[in-house]
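Listed next as structure tokens is one chain, alone, in the form predicted on its own.
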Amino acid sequence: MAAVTFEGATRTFPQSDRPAVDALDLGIGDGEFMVVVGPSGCGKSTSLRMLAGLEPVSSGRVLIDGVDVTGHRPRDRDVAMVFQGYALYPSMTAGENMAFALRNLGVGADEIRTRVAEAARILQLEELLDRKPAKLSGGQRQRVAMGRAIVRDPKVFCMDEPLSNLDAKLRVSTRAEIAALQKRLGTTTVYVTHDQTEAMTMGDRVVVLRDGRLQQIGTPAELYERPVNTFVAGFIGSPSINLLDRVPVRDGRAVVAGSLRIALPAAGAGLASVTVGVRPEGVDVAGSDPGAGDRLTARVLRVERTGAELFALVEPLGLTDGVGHRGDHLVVRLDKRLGVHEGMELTLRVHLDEALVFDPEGIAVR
């Protein structure tokens, strides 16, 4: 196990006018499961490859256990990589694939057998060691790829979207297996994904990248409850947060549709307008009483039922030109037992303590 540090690590590709990863400063604790998340092209895989030595660092440095490994070859970093496409040798059995790296490192035959057997036991692959990849399911191939990394007993695991080739049901079970395995082994792990659900359910902490720059780092709860900007707020959470732009501020409160009034922190009281974020799960159906400034009347435009949940696309009524545009829509998560249908009007209660407020530049107002 080892701590990992990125110090101003930058990677600029030839012929590119901007860095793929821009001055990344990041510390990953010994034994920590760190998830790097962001949209396609944000630099998350490039960051991982810089750590593994598969991508050179243009400036800055990368340290493993306090040692600067920026100029070290991949084989000298003691980092094991798990790739998106498994990267198994089709002509080798599962056991031979797991043993391959150890043979290249000159590990003795008895030690190889012991390590492969132990990894196979942990991953429940004992009955599959003699099968070639073509005879394995996607989930089994992924476990073999994991086993190939485990047998090396590396200081750091690097996992580059390892579940993206699995079907939805298998992704759920396999991500639970990976998280449990990492806890058992205690190996420092850097896990890259574009799937924010994976990030929220697997990581001790999560890093959000955008255009090569770090936006926020924190626990899943911190990113969900206290995003630093509208990008993080919109990326974390499913369905995505509702953002109402240009909400006017009156007497220290953001006023939406004339009836919904959200108290602002002192830092936001002097702003002329703000962006208000309301998560779909931060809303429920209320009675018609005025409430305490937490009510919003809306018309249902569309209903989506997923079985366990009900999502409604609604249009708030009473919006003025000062609050975004007439026709702003919200997605709300409602009780599946409600008889909600298109065209009906609802009085919605917004949980004001869960609403998020951002300044006109998209920065959180604390």
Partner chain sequence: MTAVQAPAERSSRLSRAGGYAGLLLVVLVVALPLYWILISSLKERPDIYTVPVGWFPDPLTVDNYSAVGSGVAFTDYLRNSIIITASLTVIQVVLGVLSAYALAFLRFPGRSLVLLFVIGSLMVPNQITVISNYALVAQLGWRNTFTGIIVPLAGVAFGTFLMRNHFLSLPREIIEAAEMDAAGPLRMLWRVVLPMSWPTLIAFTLITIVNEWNQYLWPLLMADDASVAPLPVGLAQLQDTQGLTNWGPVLAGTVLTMLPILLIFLALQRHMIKGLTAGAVKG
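Values in this document were obtained by computation on a predicted structure and should not be read as measured data. Residue numbers count along the first chain shown, from 1.
Note that the form predicted together with the partner chain isn't included here; everything after this is about it.
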Of 180, 109, 105, 266, which one comes within 4.5 Å of the partner chain in the predicted complex, counting heavy atoms only? 105
Selected contact from 81, 128, 123, 214, since only one has a non-hydrogen atom within 4.5 angstroms of the partner chain in the predicted complex: 81
Just one of 297-305, 335-343, 31-39, 47-55 has heavy atoms within 4.5 Å of the partner chain in the predicted complex; which? 47-55
In the predicted complex, residue 231 touching the partner chain (heavy atom, 4.5 Å): no
Proximity of residue 86 to the partner chain in the predicted complex, heavy atoms at 4.5 Å: yes
How about residue 279: is it within 4.5 Å of the partner chain in the predicted complex, going by heavy atoms? no
Contact test in the predicted complex: residue 90 vs the partner chain, heavy atoms, 4.5 Å: yes
Decide if the three candidate residues 100, 133 and 165 all line the partner chain in the predicted complex, where lining means a heavy atom within 4.5 Å. yes
For the stretch 134-161, which residues lie within 4.5 Å of the partner chain in the predicted complex by non-hydrogen atom distance? 134, 141, 148, 152
